[in-house]
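Just one chain follows, in the form predicted alone, and it is written as structure tokens.
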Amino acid sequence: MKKIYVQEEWCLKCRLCEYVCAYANSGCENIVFALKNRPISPRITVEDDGKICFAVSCRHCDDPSCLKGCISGAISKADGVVRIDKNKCVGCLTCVLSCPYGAISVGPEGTATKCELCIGNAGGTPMCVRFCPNRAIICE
């Protein structure tokens, strides 16, 4: 299964990945309606320590600690993709604490959310990869 990798030396800190991720996961067909005057909820975030900047997203670990820590059984792994079933998530956020990469966050519904490689909404290529202007985010 393909995974997303970041080449931090190429990241421009433009945060376009965050906006296209929020749009891709909004359920709206129009980017303006999806993002205008609304707080965005991306599943990828750009971190900047003053020296380097890079995008953080789920690494779809071979042995995911978030899956082990999930008390409700909401996290599963199939075909290399770690997913969260929003209907099973109870919002305990144990997965947030157990992720060593800080790639899981609280979604607008109060449940855990993370990158799922745009499997259900982008036609195969993650939106952050497709729209990164400097090709800092790759999927291989």
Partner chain sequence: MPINYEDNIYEVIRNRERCINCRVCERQCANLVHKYSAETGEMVSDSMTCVDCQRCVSLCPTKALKIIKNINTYRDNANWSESAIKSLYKQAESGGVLLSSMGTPEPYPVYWDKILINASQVTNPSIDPLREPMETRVSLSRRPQNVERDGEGNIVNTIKNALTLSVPIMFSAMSYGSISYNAHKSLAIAAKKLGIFYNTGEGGLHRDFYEYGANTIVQVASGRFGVYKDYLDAGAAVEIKMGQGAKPGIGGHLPGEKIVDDVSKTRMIPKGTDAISPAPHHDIYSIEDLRQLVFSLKEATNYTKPVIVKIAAVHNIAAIASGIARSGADIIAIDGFRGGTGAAPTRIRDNVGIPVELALACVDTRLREEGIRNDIALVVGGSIRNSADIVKAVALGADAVYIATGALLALGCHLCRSCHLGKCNWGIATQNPELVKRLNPETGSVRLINLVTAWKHEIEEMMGGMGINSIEALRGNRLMLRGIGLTNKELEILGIYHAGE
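The shown structure was predicted, so the numbers you read here are calculated from the model rather than taken from an experiment. Residue numbers count along the first chain shown, from 1.
There is another form of the same protein, the form predicted together with its partner chain; it is not shown, and what comes next is about it.
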I31 within 4.5 Å of its partner chain in the predicted bound form, heavy atoms: yes
Non-hydrogen atom contact L93 with its partner chain in the predicted bound form at 4.5 angstroms: no
When the contact criterion is heavy atoms within 4.5 Å, does L12 count as touching its partner chain in the predicted bound form? yes
Residue-level contact is defined here as any heavy atom of the residue lying within 4.5 Å of its partner chain in the predicted bound form; does L67 satisfy this criterion? no
Since the partner isn't included here, can you check whether its partner chain sits close to all of L16, L35 and R135 in the predicted bound form (heavy atom within 4.5 Å for each)? yes
Can you check 35-43, 98-106, 111-119, 76-84 and let me know which stretch has heavy atoms within 4.5 Å of its partner chain in the predicted bound form? 35-43
